[in-house]
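In the form predicted alone, a lone chain appears below as structure tokens.
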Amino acid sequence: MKLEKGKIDGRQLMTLMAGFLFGSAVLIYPGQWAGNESWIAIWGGFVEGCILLLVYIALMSRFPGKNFVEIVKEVYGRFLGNLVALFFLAYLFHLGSLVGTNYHDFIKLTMLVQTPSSVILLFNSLVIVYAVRKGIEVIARCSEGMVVLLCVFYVIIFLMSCSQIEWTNFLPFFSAPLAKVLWATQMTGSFPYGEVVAFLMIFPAVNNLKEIQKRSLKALLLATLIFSIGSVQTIGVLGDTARLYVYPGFQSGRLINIANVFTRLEIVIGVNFLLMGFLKMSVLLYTTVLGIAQVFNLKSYKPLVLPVGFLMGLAALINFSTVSENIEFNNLVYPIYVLPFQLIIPLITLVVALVRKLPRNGGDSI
């Protein structure tokens, strides 16, 4: 029995995946570990993300109409499959809490300094819980308008900041050590590109499975273009001082001043981040509760949305004691921590399915 009867079209998949990729990355731009060569890490991460995406799509093409929980049950059997599924769902839950932590830290540091953290996360959780209870169709429809607005605003802000860009900040080219650039590329590949592994739970909701590959690759390309624009703006405006800021992209928007009329445009970047954070946390909560309901053979995932949503918000509150701990985890631990979930488990599942010639009745290529 299908727990989610809602369907989305190819365009909605593209905007939903692009919004998911933007998530926290519109504020904490990927690849910044590589300094003035972060644009190289962004495009390297894009290539890595495309390879991972093709693995996910190859897996889905063998089991059309089934999400990852259903696939691992068929590949590994009920008992082992449920263990693998719970392991995977724990990652989605944890990732949702990490996005919530980023969301909370940003609001706490830049906007509502005196507001208790619990209040911020409470209202955030309520909005996300409401959206997830409405289903994947509603979340996807929200993404259509939000992603278009983000792209338009990002281009406008970039054009307004062009007069402040110092192109010498990009020199000298290829001066960073190769190991540093490669690590920054892996960081970018894991955050945010590899996180689209969550869409293994959403692909079956697409009404035309043949559009999945084309639309998903377009989403990755769109996100990469926006990340590149943000990287050029941040490096060009801030230069080496970018490393001094927790949110360098936000700071570069703050410095825009056109005739003392267009100023303090960082609020636009902040609003974009809040909208994309909403999309990403909604997708992660939705995929988590849908998977849990399937593991335990429940008739509906909706009773789980409220308790799991608040648990995710609580985890976001206690993940790290300081912002610096969060940054250190993202830079040094996260790119390794996610390898089993983003690469090893999906790849092994695909290989086992090929070896066992599953499904027995054959799969349709996407």
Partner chain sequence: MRKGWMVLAVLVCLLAGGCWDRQELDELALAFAAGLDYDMEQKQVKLITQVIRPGQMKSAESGGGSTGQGGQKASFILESQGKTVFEAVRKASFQISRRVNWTHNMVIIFGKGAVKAGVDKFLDFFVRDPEPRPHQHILVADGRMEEIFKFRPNLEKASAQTLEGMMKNAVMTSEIYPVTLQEFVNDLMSYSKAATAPVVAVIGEGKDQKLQLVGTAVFKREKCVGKIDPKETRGMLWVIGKVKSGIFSVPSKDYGEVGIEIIQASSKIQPKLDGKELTVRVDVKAICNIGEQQGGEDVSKPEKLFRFQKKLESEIKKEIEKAIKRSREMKADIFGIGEAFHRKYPKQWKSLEPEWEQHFPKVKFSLNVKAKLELIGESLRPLHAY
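Note that the structure is predicted; figures quoted are calculated from it, not measured. Numbering follows the first chain given and starts at 1.
Not on display, but discussed next: the form predicted in complex with its partner chain.
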| item | value |
| --- | --- |
| Heavy atom of each of K180, N330 and L332 within 4.5 Å of its partner chain in the model of the complex | no |
| Contact segment among 283-291, 115-123, 83-91, 195-203, judged by heavy atoms lying within 4.5 Å of its partner chain in the model of the complex | 115-123 |
| 4.5 Å heavy atom contact, T168 and its partner chain in the model of the complex | yes |
| is_contact(R133, its partner chain) in the model of the complex, heavy atom dist at most 4.5 Å | yes |
| Contact of L244 with its partner chain in the model of the complex (heavy atom, 4.5 Å) | yes |
| 4.5 Å heavy atom contact, C151 and its partner chain in the model of the complex | no |
| Among the candidates L217, L209, I229, L255, the residue which, in the model of the complex, approaches its partner chain to within 4.5 Å (heavy atoms) | L255 |
| Residue (of L54, V47, L306, A315) lying close to its partner chain in the model of the complex, criterion heavy atoms within 4.5 Å | L306 |
| Residues of stretch 257-295 in contact with its partner chain in the model of the complex (4.5 Å, non-hydrogen atom) | N257, N260, R264, E266 |
